[in-house]
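One chain follows as structure tokens, the form predicted on its own.
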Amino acid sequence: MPSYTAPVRDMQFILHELLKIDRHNEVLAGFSEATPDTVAAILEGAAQLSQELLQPLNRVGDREGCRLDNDRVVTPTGFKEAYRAVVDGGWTGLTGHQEHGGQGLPYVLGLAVSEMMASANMAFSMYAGLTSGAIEAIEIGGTEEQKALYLPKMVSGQWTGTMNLTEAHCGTDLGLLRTKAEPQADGSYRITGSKIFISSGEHDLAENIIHLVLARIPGGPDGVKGISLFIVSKFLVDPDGGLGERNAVSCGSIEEKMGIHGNSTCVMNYDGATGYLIGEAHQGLKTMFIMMNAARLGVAVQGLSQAEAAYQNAVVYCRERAQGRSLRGPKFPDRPADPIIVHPDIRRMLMTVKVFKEGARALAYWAGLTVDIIRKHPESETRRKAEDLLGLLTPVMKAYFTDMGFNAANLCLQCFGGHGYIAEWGMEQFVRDARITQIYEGANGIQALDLIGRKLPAHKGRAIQLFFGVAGEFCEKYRDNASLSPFVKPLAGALEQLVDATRWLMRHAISDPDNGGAASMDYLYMMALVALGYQWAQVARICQNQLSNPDDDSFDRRFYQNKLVCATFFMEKVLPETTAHLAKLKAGADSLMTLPADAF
């Protein structure tokens, strides 16, 4: 049976030593309350909840799945009790605004908690996960009355939220959607249409579900310019917050899926349901993207979470499974065979996953801290730079983390050999569950196009220049540091290649847009590798300092030594991939686009 142990030590290292979150105590609201003791208590509490309650239900959810009873979805055994424990523990309101009943703690701390829950049980974590994005959309786009009516119960977890975009005939191209929103005399709208692939669309965990639905008001502009966003509550809500009769929204069916069986992915039917406009008419996509960007960072963390869970179980197996002998001679001559962890190819797979997940955690939490800066910093210029950086990195993390999360789960399954393919060991579930992360909240190819088509040219390249500056300043500062040279020199070289790739795109994608499309994924991977390299170089600097000057009697020398080994592996075995990506990028689109469609 699979198991999970939350990597609390690594999380604390990132929060306190790499990000130094206490530096923001006087500037960002909620950070002064996030003392080391408080952070430790929250991480340990979330770890206990995830390990002891949520993880054992992961396999239950996969085997039982959800079932539709008339128009009511019944979740797997134990899910209702687990959700009640999450709500009663205050976990849904950890980072919520205090004015709506939340605790107001840093977003980056909540990101660490969400990673644990997703590692333990990704399907379960999705029920509350999308609610945070819905909350943010209402906070930014809703009226004061809407905020007061919906947010307290959503923050508490009493109500959950969803996002309803996709229709059977349109996915990414939302300009084609057909769901209608007809104005009513009382200021409400009558919503009619059908949506598919709606995660947590119907369930029995919370007393109400707040659907955020994209629809068209008749007479509005064609395409995406005519899309509006509406609140459609499962039960109509009285002005005092009480629940009235059932709204005309129902689950038509539950999708039969490859993975995340414990989450109800629904076809939602709106049969003249009562809805209320959020924000301005025909401006719904702008507000929905607030929710989608939050969801994309959450999905990136899901990719990381499945890598973490799969890795932990692969390590246990590789330490115990005896087969063959070390190439350098028997490590355990008194036994008939050595454990397979002595073999270089097993080490290659495990190290590849280890440096990905630890580097990705550092990058994701850096992004999480950026969210806090955007929301809470008093200086507009600081907020603007943080917005530029987060906007640039969000598609990169969503695509790369989920591609590598799936790859990581696959590598860990490979460590098991034939046993990995058998359901009994639980590894194949990690592979199946991880696969969806590459698809939903914008397929990864779309993320790459978003990066080169929207994020790079925005504001005349302001965001990418900021990223170049952040990484470049680090390289310049430590250029002559001999001990850091094994980390700074490769990073500087990869950064130079990324700059070269950017210039190539500026010259060739304008003359032939297919060059941009053909290069987009290679460019995204290059940026991800440089961003991860920047994190690992900073980690190496911290570890070298700690090993030279231990700061207390409880100094964990082995932790820092192991981090340095991982940083070295990344620089030697992973970061050089930028060279191959640059070569493929510069090859252009000809060989990709020349073959006639009927020749495929």
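As the structure is a computational prediction, the values presented were derived from the model and not from experiment. Residue numbers run from 1 along the displayed sequence.
What follows is about the form predicted in complex with another copy of the chain, which we do not show.
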query: Heavy atom within 4.5 Å of another copy of the chain in the predicted bound form - the one residue of L413, A501, L369, L212 that qualifies; finding: L413
query: In the predicted bound form, the one of L389, A281, A337, L505 near another copy of the chain [non-hydrogen atom within 4.5 angstroms]; finding: A337
query: Another copy of the chain in the predicted bound form reached by all of T172, R347 and G517, non-hydrogen atom within 4.5 Å; finding: yes
query: Segment that reaches another copy of the chain in the predicted bound form - one of 227-235, 318-326, 200-208, 289-297, heavy atoms within 4.5 Å; finding: 318-326
query: Proximity of D480 to another copy of the chain in the predicted bound form, heavy atoms at 4.5 Å; finding: no
query: Residue contact check: H419 to another copy of the chain in the predicted bound form, 4.5 Å heavy atom; finding: yes
query: 4.5 angstroms heavy atom contact with another copy of the chain in the predicted bound form for Q438; finding: yes
query: Close approach of G101 to another copy of the chain in the predicted bound form, 4.5 Å, heavy atom; finding: no
query: Within 4.5 Å of another copy of the chain in the predicted bound form: residues from 240-274 (heavy atom criterion); finding: E255, E256, K257, M258, G259, I260
